[in-house]
Structures are given as C-alpha cells and as structure tokens.
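Only one chain is shown below, in structure tokens, and it's the form predicted on its own.
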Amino acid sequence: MRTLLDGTNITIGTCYYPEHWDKSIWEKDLSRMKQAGIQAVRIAEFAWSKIEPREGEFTYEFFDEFLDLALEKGIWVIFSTPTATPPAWLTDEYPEVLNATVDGEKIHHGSRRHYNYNSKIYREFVSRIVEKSASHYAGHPAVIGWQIDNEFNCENSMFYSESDTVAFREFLKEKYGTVEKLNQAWGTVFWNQTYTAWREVYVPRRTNTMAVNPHLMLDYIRFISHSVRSFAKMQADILRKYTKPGDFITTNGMFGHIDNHAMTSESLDFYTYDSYPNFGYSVDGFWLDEPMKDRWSSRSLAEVRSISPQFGIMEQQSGANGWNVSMEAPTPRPGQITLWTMQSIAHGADYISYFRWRTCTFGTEMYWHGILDYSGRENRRLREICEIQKKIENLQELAGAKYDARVAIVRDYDNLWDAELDHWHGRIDRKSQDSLFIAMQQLHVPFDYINLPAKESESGAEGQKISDDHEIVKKLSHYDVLFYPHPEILTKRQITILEQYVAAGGKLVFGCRTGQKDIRGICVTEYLPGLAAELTGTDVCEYSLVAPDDGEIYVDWDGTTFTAPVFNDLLAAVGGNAEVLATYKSSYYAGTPALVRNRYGKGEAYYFGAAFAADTAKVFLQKLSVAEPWQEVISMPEGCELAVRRKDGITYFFVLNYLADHAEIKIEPSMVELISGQQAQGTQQIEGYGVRVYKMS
C-alpha cells in the first residue's frame, strides 16, 4: 500500500545509484536499508545511457533487474527522468542542444545541466526518453512516483543559446504582439535601443558596460521561468499517460529564475526540496561566522511550504559535502542529522530522503558523502539514521499536520527578480529579508511565506491560473500581521487584495521604496508610494541611500530607538486616519517622519521608510504584539527554534536546539513529549543539537 505523502505517515528514504555499484552488492544494500527503516529510494536521474546507450537503441534490463529486487525487498522506488544530463552521443551529434555563455560560446559536455530548455531537437529526444521510460517502468509495482529532471536551474539559471533567442522572440511576440509595444514596454528610446524588427531582439548579450536594459532583463527572467515550466509540463503530460492510480509526479531543488508556484500547479502533485544545512558551517564560505548557520535552512523550508503545503525532502543532509573542484563542508556532528531531519519535519515535510546511501568512489561528487562511506562499513551516521527512524515512529500521529503561523512575509516573483537585477532594490531587500528571518527565529515567531500573484495579463505568467481574489484574501486573513518589505513593483490587483485584507482587520507593514515601479519595472510618475498611497496614508516627499559618513541612522518610536539602514524615505502622513509613529533621529532629516500608521477599515497599514535591520524587525514584532506568541505555554533561549504544527485540534511544538551546549526551556502546562513518551512540565534540559516534540491537546 502506497502511503508516501498521503497525510497518514512520516516516511524516510534515500537516494541510490545502482549504476555506480556492482550488482553483487545491490541486495545487501537494499536489505540494510530496510533494516534501517528506509522505505523508498530515488534512482536514475543521471542514467540516460542505461536506458538509451546509443541513439534509438533502448535497453531496459538494467533497471528491470533493480526494480524486481527492490520489490522483493519491500522497497518503493521513485523513478526519475534522466534529462538533467544528456549523453555524450547526443551532445556530440546535436551540439545545438547545449547551453551557451553570454558570449555565445557553447558550454561543453562533461559536467551536468549543460542543455538548454528551448532546443527543439533536445525536446524531441527528451520526449522520447520520457515516453520510453514511462511506458516501460511506470507499471512496475515497485514504482510509486516520478521525479522530473533534477534540480532545475542548479549551477546555471541563465541561457544564451541560439534556440533561446528564437524562443525568446516568440515569447515576446505572444506577450506584446508588435515591436512597437515592446519598445514602449522596455523604454527602448533610452540610449537609442529602439527595435524595428523582431530579428533585432536577442537574449541578453555582452555589452560595453553589461548595463543591459533592465526591462529587457526582467522579461528575460520571466522567459526563463516560462521555459522551465514548459519543459517540466511536457514531461509531466507524458508521464501521466502511464502512471498508476496513486502514483505521484514531483521535482526537486528550489533554484533561481523559476516560478515554482506556477510550475507546481501546472505539472506536479507536490514539490520536494534538497536540504543541506551544514553549508552554514562551510569552512571556505561566508556563512562561517553567521549566527544562524544551519537555521537558514528553516527559511528555505518556509519558502518550499509556500510553494507546496504538502512537501517532501528529496535530498536531506547525511554526510560531509563538497565537489573536488569547489565547495566543502564538514561531516555532521553527532545529533545534527537528527536535528536537521526534525527541522524538515517541523516545517511540514512528511517524507525525508537522505542523500545518499553510499558515497561514490569516483567523479566530481566523490567528496559529497552519504550515510555510508566508500567501504559501506557500519558507521555513526547509519546508527543515527536507525535511531531517527525509531523517533519518527513516535511522531506518526502528526503526519499531515499543518504548520501553524500567525505572521507571514509576502513575496512575489516580479519583485524577487527585480531585486536581483536592480542594485538599489537588491540592497534593501536582502537586508530586510535576512533581518526579518533572524528576528522571527530569535523571538520564536513561527511564520509563513505567502506568494502574491500579479495580474496574469500584466505578469506574463501565461500558464498561471489566477486564483479567486476572495480566496487569496481569505488565506491572508489567517495572519494577524503581514510584512511586505519592499514591493517596488505593485499592480492594481495586488493592492486591491491587500486593501481587502487590511479593511477586514489585518495589520500590514511596508518598507521603503514601496510602489515605485509598474509591472514592467518602469518607475511611476505618481507621488510615491504610488498605488499604495491611499492604503498607507503616506506621501514620500524625498528619499536617499544612507550616506557612509552618516553612519547608523536611528529612529525613535515612543522612546524605543532602533536603526533605519540602507535607504531612507522621508514621509508625510496624509489624511485623517494617518498618524506619525516614529521620526528619524539623525542626518539632515532628523525630526522628519520615519513611520506612518494608517487606519484603514478595521485594520492598520504601516509604512516604514527604511530597510529592516534585525533590531528594527524585533521592535516591530514586539510593538505589534506578535513576538513570543507561545511564551505562556513554552519559553526557550534564542539558540532554539520553535516550530508549530496543528492537526485535529491538537498542537505540536517542535523545539530545535542548534547549539552544541544544552539549552534550558520551560513548559507550562504539562504536556507529553512524543519522542520519549514522557510527561513534561516546568524546566527541561535539551542536550546540544537535541530535539523535543511536545503535544498539547
């Protein structure tokens, strides 16, 4: 009986590569997996040549043998389409399938993800290998689901092949209709960039300064997302012709330049994520001195949950990481595999698949370790996996439970991509996004990400189904407070949804630069904050990047002082319902308004004229009465994360200790700790990297 991600069980699996190992060890490996509590394996995502070793020659015996053995051993199989790594015979004979650099030079065979999504020839070969694989393997009783490709846009999320230029022109023709409308949308009159024919339009190419038209760049990223989604849907449509009832289709990763919400809605049953928290400890990376370290994975898990409320982990950290040419991160310390597994479960994952079962002895990823090392000998990590399975058995009742949060951060793809392209936007957005996460972690505020779609005809998300706005408002109404830090791009549809949320009683917080641009990324001529002016009751009279010789800019809010970093809007309150709550204390604009609250319907909209530092975000959480929301029930130090899941009226509290030292928490009233089965009340000690799960009826 298939129970993977059906809301009834929490299941563990692993990634396995039978093509890397002699067949003589398959049976032993599968038996040992079963003994460790592993129920499923993912296979074949890089194994095209095992199915089509030469063009038009198909052989199925290799995976037939493995699937039969998996069935015999009681191991489920997630089969992958092998399209992330086209074989050498294909790229040699048909080089047009290869991606290219911005200078047009072909990216050669020899690594992975070297193809482009828009080569018609590649799509023909992909359609055929997916059709052949699905028609042969999907009916096998060991196969319970399919993974499409592997980690879309990993390593490279920019595409410059000739096929991409051809497809980009078609994308733009469908969106704008005429070159004249394209010129208007992109402001091509600037620097004499005006086009007279479609053949003059290319994907971005190297220019004298690489200051490529920003509006072209925004549409180009939308085009990349469109290309990925189209490629995924092509495969999903083929797979669905052959999958058995109950089998699922997913993909893994979470990388840039993809509208993952739309892709999931169009093509997937659920999304899966690849979680590697120990990159927070990378000895050659900039994360080494970061206070959050492995806690940053909780932010990624929250993003995944916004894409797919029901989700799994396809690759969960189980060993040291690194390629032979780049990246290095240490072996998980005792307890950390458990901690990171529970981190994923705490955020809503009901399937955890460890990468990988055996560490490969050759190739670029020979230092990307799995549960077992090269020899396959029993080790500490395998023993910890076995103990994790025992712990998970005691958590089965919370399978299907929903993550519970009363605060959310609103995001949208247009602003996400614009912040990548626009240096000013990017500086403020990175600061605020990081700071809000740090503040919520340290004040133990469970939060969600909410994606706010733009109007379909404006965004160009031609495959995206526009939800009923009433349903979106209903979803937003679950949250007491929304932070929408810096939506420079705003549409009428978005602001209407937000007005309804606030009018119904919600609290909405904006940061500086709100409403500065339209959907094209072009600056508006209305008084700022543009479309948000009425909702926020503000007028942005002047603005400036914080000058280096000004040092820190401080703000006073009823005697509470905090920072206003990166960029400052100088505000005025407009209308009878707007009031100034805080003023700047430094620079030439000391004494001018920095924060305005506008009462709108039953709710309140706040406009803060800066980015959010961590201390700033903490003040907002405290002033808006959402900090430490469960402190009357459970309290803990900053080094611990609180995550909450709910099911059938029961609340489950996950306490995750990311510190090497023990942590002291306090529980009131008495609750059952599920992992141990013991009753708990009062002061409790949690060991370093320890986890507790408390049940409150």
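We number the residues from 1 along the sequence you see. Predicted model, so just to flag it, every value in this text is computed and none were measured.
Keep in mind the form predicted together with beta-D-galactopyranose is missing from the figure; the text below concerns it.
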{"item": "Contacting member of Asn150, Asn415, Ser161, Gln516, with respect to beta-D-galactopyranose in the predicted complex [4.5 Å, heavy atom]", "value": "Asn150"}
{"item": "In the predicted complex, the one of His257, Lys233, Arg112, Lys585 near beta-D-galactopyranose [non-hydrogen atom within 4.5 angstroms]", "value": "Arg112"}
{"item": "Partner proximity in the predicted complex: Glu365 to beta-D-galactopyranose, non-hydrogen atom cutoff 4.5 Å", "value": "yes"}
{"item": "Exercise: Tyr403 in contact with beta-D-galactopyranose in the predicted complex, heavy atom 4.5 Å", "value": "no"}
{"item": "Partner contact for Phe46 in the predicted complex: beta-D-galactopyranose, 4.5 angstroms, heavy atom", "value": "yes"}
{"item": "Interface membership of Asp274, beta-D-galactopyranose in the predicted complex, 4.5 Å heavy atom rule", "value": "yes"}
{"item": "Interface segment, criterion being heavy atoms within 4.5 Å of beta-D-galactopyranose in the predicted complex, picked from 150-158, 300-308, 596-604, 198-206", "value": "150-158"}
